[in-house]
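Shown below, as structure tokens, is a lone chain in the form predicted on its own; questions about how it binds or moves come after it.
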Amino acid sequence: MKIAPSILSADFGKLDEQIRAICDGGCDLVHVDVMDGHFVPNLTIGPVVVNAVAKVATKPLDIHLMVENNTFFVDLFAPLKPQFISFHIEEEKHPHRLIQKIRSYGIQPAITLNPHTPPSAIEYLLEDLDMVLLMSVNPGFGGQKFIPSVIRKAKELKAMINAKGLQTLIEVDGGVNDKNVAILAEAGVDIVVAGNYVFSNPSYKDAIESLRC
């Protein structure tokens, strides 16, 4: 299991210190939630702050767009060279075109599914994706309670990936902790995003290690 702490739960007053701490603590990715106040009822950070994060982080960035006008934001964040950029299928009218654009920047494309969106919504895009992000909370705010139905969704998605002979990764974001991570691993999840669980722990290293399966 790879661990991607979400900086949405970090203390932005000492963000550089906390970014260094999660990287030193053994995280695999630094998860960055970009919200525009339109697609979700929250507003977070832009490329100036994320550029500062990229300079401090010693692990790759995993940028999760929760926005309208995905193409604009992809162009905005692509120069920062994250490992992944994910966008919501619910918002994108031309997902295949956007996947190609992300890949043209040398970035691995990913699609995000809200809790109500079934894996079948992206069946014909799976061959073109490097990762699928399953939301296990309603997007917009950290610290929410895990929605258990994502476990069934992860199993369904994993079966689709295996049936096609693909290596597409599955990531889950929202309410992940040491109590539910094992069942996510059993369901075929490769990466978990954990914000509140990691940043509320006195030892980021211990929190990260407790999520390894």
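From 1 onward, residues are counted along the sequence shown. Everything numeric in this text was worked out from a predicted model, so none of it was measured.
Unshown form predicted in complex with a small molecule; subsequent notes refer to it.
Contact annotation: G143 falls within 4.5 Å of the small molecule in the predicted complex, judged by heavy atom distances. The small molecule is not shown here, and in the predicted complex it never comes within 4.5 Å of any heavy atom of I102.
When the small molecule is considered in the predicted complex, A194 lines it closely, a heavy atom lying within 4.5 Å. Contact between S9 and the small molecule in the predicted complex is found at the 4.5 Å heavy atom cutoff. Taking the partner from elsewhere, no residue among K59, L80 and I107 has a non-hydrogen atom within 4.5 angstroms of the small molecule in the predicted complex. For the options M35, I170, I147, A187, the one in contact with the small molecule in the predicted complex, meaning a heavy atom within 4.5 Å, is M35. Residues with any non-hydrogen atom within 4.5 angstroms of the small molecule in the predicted complex fall in just one of 46 to 54, 154 to 162, 178 to 186, 27 to 35: 27 to 35.
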